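Here you get one chain, nothing else, as structure tokens; it is the form predicted on its own.
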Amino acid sequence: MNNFDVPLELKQSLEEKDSFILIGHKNPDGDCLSSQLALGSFLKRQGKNVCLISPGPFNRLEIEHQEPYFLSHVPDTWKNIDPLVVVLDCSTIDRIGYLADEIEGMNVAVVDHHDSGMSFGDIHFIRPHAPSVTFLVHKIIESFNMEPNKEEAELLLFGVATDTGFFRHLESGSGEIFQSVAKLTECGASPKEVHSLMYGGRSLKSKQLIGKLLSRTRSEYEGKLILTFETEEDLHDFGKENRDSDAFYQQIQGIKGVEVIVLVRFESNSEISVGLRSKYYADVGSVAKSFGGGGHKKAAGFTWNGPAEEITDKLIKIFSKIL
């Protein structure tokens, strides 16, 4: 049995159940939404009833076109038909916010590639070594001896490209991942179109905001740690829709000697968001977990209910032991 085999219990539930509620996490990204959409499309092709739900918001430019496909709440009519709830791309139930209360008492399957936080749900398909949840959804489709259709293949490729930074985060031993990508292109997905969707169509303001972040960078530990911040004024002037975190991280990761990047952002008077990235050996996922967040070894984040300066100082001390 290889590491990515679909659990028998999950496959049986997907075969036997007639109705499915597919839920993703707050502040969804391309992998989260695409895994919901692709799995939902596949289940509909099997004659199943599907309800797609996301708590939003859809602030990222590359995903805003997907918002019309999702509801924000579980319809009352679905609560009495014994659906299977499939929660995708969530390591802890708090990541779906208020939807946790709306699915209480229902059977829940969790499909994820994170392993941080408290486990939840009745059925688990959690593979921390998977590059994305869309990669696992591709495995689900193949477990039925079927291929994704063109639309599903495009979604699946978009999701895996999103979570791998268009494959630049993958290391040696990733052959099975590229085999999956090759199959998706054979089913009609275009890497060129996916790249354009991920990185094209950006506004001038998004590049100007990156310029501000770069101008504020702070270097610690002989350049191994780079920190920067986004202010309340930035949020007002540029808006969340002009944030382009991936492009910013790419700029910093190209600097010689950098291992960890910290991006601290003002979200509201009561909340700060913190994004963490590492290049080689630092496990930023464990750092995020210690603050109630989550993610991967090389990409993670959490929220902080206090001053930006306070969490910045804490992180500098924590990374002194790692770097």
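Each residue number is its position in the shown sequence, starting from 1. Everything numeric here is computed off the predicted structure, so don't read it as measured data.
Keep in mind the form predicted in complex with a small molecule is missing from the figure; the text below concerns it.
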query	finding
Proximity of H114 to the small molecule in the predicted complex, heavy atoms at 4.5 Å	yes
Contact flag, T303 vs the small molecule in the predicted complex, heavy atom cut 4.5 Å	yes
Close approach of G295 to the small molecule in the predicted complex, 4.5 Å, heavy atom	yes
Exercise: R60 in contact with the small molecule in the predicted complex, heavy atom 4.5 Å	yes
Interface segment, criterion being heavy atoms within 4.5 Å of the small molecule in the predicted complex, picked from 35 to 43, 65 to 73, 48 to 56, 287 to 295	287 to 295
